[in-house]
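So this first bit is one chain, no partners, the form predicted on its own, shown in structure tokens.
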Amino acid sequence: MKYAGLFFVLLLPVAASAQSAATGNVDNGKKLFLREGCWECHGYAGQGGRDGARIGATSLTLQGVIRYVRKPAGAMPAFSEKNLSDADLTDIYAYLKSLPPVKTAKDVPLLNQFKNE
């Protein structure tokens, strides 16, 4: 039992760094998203397009995004730590998580004007 306190003291910095790593800076993330050209395939709002998946308000975890960006499948180029640090990707992730969810077709008034008659 006397080691329980030591375990907690040693674990505390790890938990704090994991929590701060998951937060990120939304404004910097948006700047990086634009600067690195992510928008070219994924759209300005992460809505996806012809060449990139929808990534706005992603359900992926931060670690999932980092893993995919480092070793992507398909035509997406890989971004090494030299190109984008984990801190940069954390900021981009924070930006993506800040985006509103994509509307369904029934929630877009213009699309509802053209229902089959």
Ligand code: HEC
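Computed from a predicted model, the values in this text were never measured in an experiment. Quick note: we count residues from 1 along the sequence shown, nothing fancier.
What follows is about the form predicted together with this ligand, which we do not show.
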Query raised in the report: Which one, Val65, Val26, Ala45, Ala57, lies within 4.5 Å of this ligand in the model of the complex by heavy atoms?
Result: Val65
Query raised in the report: Does at least one non-hydrogen atom of Glu36 fall within 4.5 angstroms of this ligand in the model of the complex?
Result: yes
Query raised in the report: So, in the model of the complex, is Ala53 in contact with this ligand at a 4.5 angstroms heavy atom limit?
Result: yes
